[in-house]
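As structure tokens, one chain now follows by itself in the form predicted alone.
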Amino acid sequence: MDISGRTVLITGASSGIGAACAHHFNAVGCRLLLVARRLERLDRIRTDLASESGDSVLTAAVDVRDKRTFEDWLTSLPPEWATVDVLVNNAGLARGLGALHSGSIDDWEEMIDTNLKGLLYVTRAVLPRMVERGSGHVINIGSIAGHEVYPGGNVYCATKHAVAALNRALGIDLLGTGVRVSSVDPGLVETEFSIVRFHGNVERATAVYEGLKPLSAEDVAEAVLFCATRPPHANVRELILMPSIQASANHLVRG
């Protein structure tokens, strides 16, 4: 399906999977609303995209955890940008990798507020207009952690299981409305994910990917674009994307 000219809203768009999605949707002629906390990074991405396709990108430094600020930004968009055709709920993170009984409550709250509540806030703000129009597509970036658990993954896995449940529940809620909902659930992807998880410990983050070939952010973005370009009668409800060296959340081959 040709989606050129459609408006795509991507959260967490300043790096990794979000930034890769921006480039892929830009390449097929979409207009982009890019949201993240780091405006300088967003502006650099906007400059890169503008050199490829012209001035078809708006950016905003908005934290998805801040419900009121996001709603205010969305309602303040110029009329020609107000119709969101595709929402990519990408903002999310992991913090820590330890047993629950020794975990950081601050880390838990950041994951729950971003991965779960932030996704809910954004979806709740965007979805009513899609339902009113009878068209639109919500694509949630989940994880293999939404289908399995692994040692030390406790709260992060819980948030991604919640995203999987919400994705399925939305499919029921939206049945007959003309609005589709999908999730792309990757395994190991080499982005800033591990640096964030380990609170900036680059050495520990680098070790996660040593001796193997994980997915790239571009691999995941291609899958997201595939979901968005299915014909109207078809919908990818859940797409699990794994590197070939990974069989489950905790089983992979190095060397």
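Don't overthink the numbering: it's just position in the shown sequence, from 1. Computed from a prediction, not measured in an experiment: that's the story for all the values here.
Keep in mind that the form predicted together with a small molecule is not shown, yet the notes after this line are about it.
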Would you check whether the small molecule, in the predicted bound form, lies within 4.5 angstroms of a non-hydrogen atom from each of V62, S143 and G187?
-> yes
Position in contact with the small molecule when the complex is considered in the predicted bound form, options K213, R38, H199, R44, heavy atoms within 4.5 Å = R38
Partner-contacting position among V179, V155, I139, A91 - heavy atom within 4.5 Å of the small molecule in the predicted bound form = A91
Only one of 91 to 99, 170 to 178, 124 to 132, 75 to 83 gets a heavy atom within 4.5 Å of the small molecule in the predicted bound form; which is it?
-> 91 to 99
Would you please decide whether T114 lies within 4.5 angstroms of the small molecule in the predicted bound form, comparing each non-hydrogen atom pair?
-> yes
With heavy atoms only and a cut-off of 4.5 Å, decide whether S56 touches the small molecule in the predicted bound form.
-> no
Should I17 be counted as a contact of the small molecule in the predicted bound form, where contact means heavy atoms within 4.5 Å?
-> yes
Non-hydrogen atom contact A13 with the small molecule in the predicted bound form at 4.5 angstroms | yes
